[in-house]
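There is one chain below, alone, in structure tokens, taken in the form predicted alone.
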């Protein structure tokens, strides 16, 4: 009878090691697939809105500046979404040229007459534990397209960047502008409390 070269304890440890490695590989594969799945990268998110609003027409064709409707981006943390009364500053006079635009404006007028706000679906929504200030980025000279993509080509706005921490840090870690103070070594702060307060 051949004698076993390894002890039972050693055999158990080897089996436990292989089971652990197998579980880790399975878990890693499932987690990796989940993390890299398109919907979880948060790009391409393009929700339907209560009123079909075309940035392609407003910002593209009519060349209305982003800050005309999202003026709070210059002075506050949130860019803000225009209220019905802000929309009516133009659409009280502009009723639309095509049947489709007249239909859209009719829905807007209905909200106006009923004094009912439009419940827009947020497209660019950061996690609650992230502090982001639009005015700081506007003051730094960033163009809206750097984060929001070229919305003037979009009929329905969609998220073109993940808005995840790594994506933000890639921008913050760039070389500072030429007119930056001597002690500034990156384009923007990269310490935790800059975005997590």
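This is a predicted model, so every value here is computed, not measured. Numbering follows the first chain given and starts at 1.
There is another form of this protein, the form predicted together with a small molecule, and it is not shown here; the text below is about that form.
- Contact annotation: residue 115 falls outside 4.5 Å of the small molecule in the predicted complex, judged by heavy atom distances.
- Taking the partner from elsewhere, residue 43 is found to have every heavy atom lying beyond 4.5 Å of the small molecule in the predicted complex.
- In the predicted complex, at least one heavy atom of residue 69 sits within 4.5 Å of a heavy atom of the small molecule.
- In the predicted complex, at least one heavy atom of residue 86 sits within 4.5 Å of a heavy atom of the small molecule.
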